[in-house]
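Listed next as structure tokens is one chain, alone, in the form predicted on its own.
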């Protein structure tokens, strides 16, 4: 624990014949717990970063958009990369199709075949699209694009209106194929403060079992097959 004086101490020294004086010591702070620089974030600055949308729709803003509105926006803002119908252009990702492909050697992870929530689709479009000008779309435009992409995947009908009430109610086709409970066991060890083991015994190891192929480089030289 360091203790700082409220009034910064000064040092005087010489370097190359130049007198260095009245230089505050690094680490001096006016108040305990503060470092003497920066300023509290304003509500506007916090709001600019607080843009995440939860799977249950928490955080979705006011506004709305239709499938038809989204189709017009998609054609001008998105089709050059994703194609007019979400088929993907060149190496840009597909947004539609891929149903039943997740168990194949080359699965197509599209919005329709893979995504578990519709609300997080709004989050991604708002956060990162279009590629050349992210976060340039209005909330209504993002709602409209979300509706159109969902319609491209036959998840919603053509008269669907996306808003903060309707999006969380959309059930995505692959939702139930995600594992929501962490299957990993809890392996945190209790801290030993007394009567601890003095040594540990290794019951098994890879030594001498030739588990590493000898064809991968000089690190494996000398291994007998």
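Residue numbers count along the first chain shown, from 1. As the structure is a prediction and not an experimental result, all values here were calculated from the model.
There is another form of the same protein, the form predicted in complex with heme C (HEC); it is not shown, and what comes next is about it.
If you check heme C (HEC) in the model of the complex, you find no heavy atom from any of 117, 158 and 172 within 4.5 Å. Heme C (HEC) is not shown here, but in the model of the complex it comes within 4.5 Å of a heavy atom of residue 80. With a 4.5 Å cutoff on heavy atoms, residue 125 counts as touching heme C (HEC) in the model of the complex. Shown alone here, residue 92 lies within 4.5 Å of heme C (HEC) in the model of the complex, counting heavy atoms only. In the model of the complex, at least one heavy atom of residue 129 sits within 4.5 Å of a heavy atom of heme C (HEC).
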